[in-house]
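Take a look at this single chain in structure tokens; it is the form predicted alone.
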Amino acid sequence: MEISQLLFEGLKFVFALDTLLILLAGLIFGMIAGSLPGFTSGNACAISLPLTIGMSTGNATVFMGAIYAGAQYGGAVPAILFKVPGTAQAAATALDGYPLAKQGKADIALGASIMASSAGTMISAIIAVFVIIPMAKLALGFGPAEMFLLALMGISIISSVVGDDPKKGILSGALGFLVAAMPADPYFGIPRLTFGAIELYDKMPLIPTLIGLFAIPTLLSLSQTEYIVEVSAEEAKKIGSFSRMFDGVMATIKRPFNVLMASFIGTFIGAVPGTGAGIATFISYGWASAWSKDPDSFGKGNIEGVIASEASNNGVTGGAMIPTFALGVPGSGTTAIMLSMLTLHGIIPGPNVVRDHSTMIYGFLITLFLAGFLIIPIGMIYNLGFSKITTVRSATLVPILTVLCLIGAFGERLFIFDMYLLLVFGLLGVFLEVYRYPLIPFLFGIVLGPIAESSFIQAISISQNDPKIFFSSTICIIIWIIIVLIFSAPWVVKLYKKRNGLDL
């Protein structure tokens, strides 16, 4: 069946009244869920799974897709307003979103995040429509060696571009890798730096780590100020209007190249099973910083950082669907839950899904596109009151946010231990900030550490301890070239400036 005909059938399905209502409900629920610290798109989809049993397969798929898109955006709200990202992918948004909020521009940052999220979702859905089969085959080319090098490339990018000193960025990323290696050895199952805590045996839990690193230093800082915003009372009254939020929307529209590149990065990385939005947003943020005309302003309130993070974050939604539908291989934890939903409805995941249920698949991709479009009006209304929160007294906000952070840390695994872990990483976050070590490479090391370690072990086992496996494919060679360029770029730029008599 031709793509045009499949799209027509998908449009007829999506624009049924009951389907549109389900789409709207899922999008709103996803936004609310994503705005809660520690509540990811996977959590939201898992909770909603029982509700899909009474729905048709098509409507259940639409519902899950809308929740996914809404939750991917929702995480930007607490990241921008309070520097409390509930998920790894929102951490990059907090880097520039929160400084903008402190400058009294929370509504502008939220407007930019709305437009970037909308564009990322729609662009990724359009790409998926046309490349779902060939791109899925490309994703299969990423074996253990390629995945290890992809993780190495990601930490190289973010360590080099975040912070004032690349050496500190690299040390911070290395420390993150070390912390990620604390749980039991994935090959032999032998405990390492668990300190006898059974809660650390399986993995280093990401949510309490993430919230602790970002939230505790922020809450301590807030406790010493009267308000989040650092502007006059007259300027504060202007915060929280459609016009200012629209300024943020326009700021994104004026940067089409940034949006397109971030969306492409998110879509491509989302199509590689086992990567996810955390890797995509950090790589996209690093790319935006490296190519910006004003890289020094990143981390201090550059709107381009918010745009790159959110467009890539939401671009992952369409990308993750490519291996999920075309191969039956989940592109992320959320899409694994979607595969479970399909199984509940009697559909066996795999290559035959696209052939036998093409109308449903293309209807789902149209749903993603429509959800991306609806993020703009719904997000504008949803965030209208939220930006006003930055004008609430810190004495009121800090206790509320502290309780929410503790609940978020507890909610991932329901362990009291994770609440103590949040405090430990909070103190570590304070230490890193005081001595000007960037937090993002550290967090990125924790996220990528398990992927890099397991992929390295698998690759070495397959090759029988032959390191040539890391140079054995075209993808490997391309990634090595990128890594070399990343580390050589600062020296090349320095040499260029010296030869041309420019200020160093």
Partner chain sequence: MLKNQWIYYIKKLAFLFLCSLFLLLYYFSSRNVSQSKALIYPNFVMGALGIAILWNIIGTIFETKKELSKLAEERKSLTSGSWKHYKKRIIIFVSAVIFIFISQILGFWISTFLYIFLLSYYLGMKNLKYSIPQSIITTAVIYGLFALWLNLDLPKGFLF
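Residue numbers count along the first chain shown, from 1. In this text, the rigid core denotes the largest set of C-alpha atoms whose superposition between the two forms falls within 1.5 Å. Just so it is clear, the model here is predicted, and its values are computed rather than measured.
The same protein has a further form, the form predicted together with its partner chain, not shown here; the description that follows concerns it.
Using a 4.5 angstroms limit between non-hydrogen atoms, Gly449 touches its partner chain in the predicted bound form. Using a 4.5 Å cutoff between non-hydrogen atoms, Gly379 does not count as a contact of its partner chain in the predicted bound form. Looking at Phe148, you'd find a heavy atom of it within 4.5 angstroms of its partner chain in the predicted bound form. In the predicted bound form, its partner chain lies within 4.5 Å of some heavy atom of Ile53. Exactly one of the stretches 471-479, 24-32, 65-73, 456-464 approaches its partner chain in the predicted bound form with heavy atoms within 4.5 Å, and it is 456-464. Put simply, of Ile347, Val398, Met153, Leu374 only one has a heavy atom within 4.5 Å of its partner chain in the predicted bound form, and it is Val398.
In terms of contact with its partner chain in the predicted bound form, the residue from Ala251, Ala197, Leu260, Ile170 that brings a heavy atom within 4.5 Å is Ile170. Contact residues in stretch 414-444 (any heavy atom within 4.5 Å of its partner chain, taken in the predicted bound form) are Leu414, Ile416, Met419, Tyr420, Leu423, Leu427, Leu428, Phe431, Leu432, Tyr435, Tyr437.
After superposition on the rigid core, displacement of the C-alpha of Gln458 between the shown form and the other one amounts to 2 Å or more. Once you line up the core between the shown form and the other one, the Cα of Leu20 stays within less than 2 Å of where it was. Taking the rigid core as fixed, one finds a CA shift for Ser172 of 2 Å or more between the shown form and the other one.
Wider separation of the C-alpha atoms of Leu220 and Gly286, by 3 angstroms or more, is seen in the predicted bound form than in the present form.
Panel note: the distance between the CA atoms of Asn302 and Tyr435 is larger in the predicted bound form than in this form, the difference being 3 Å or more.
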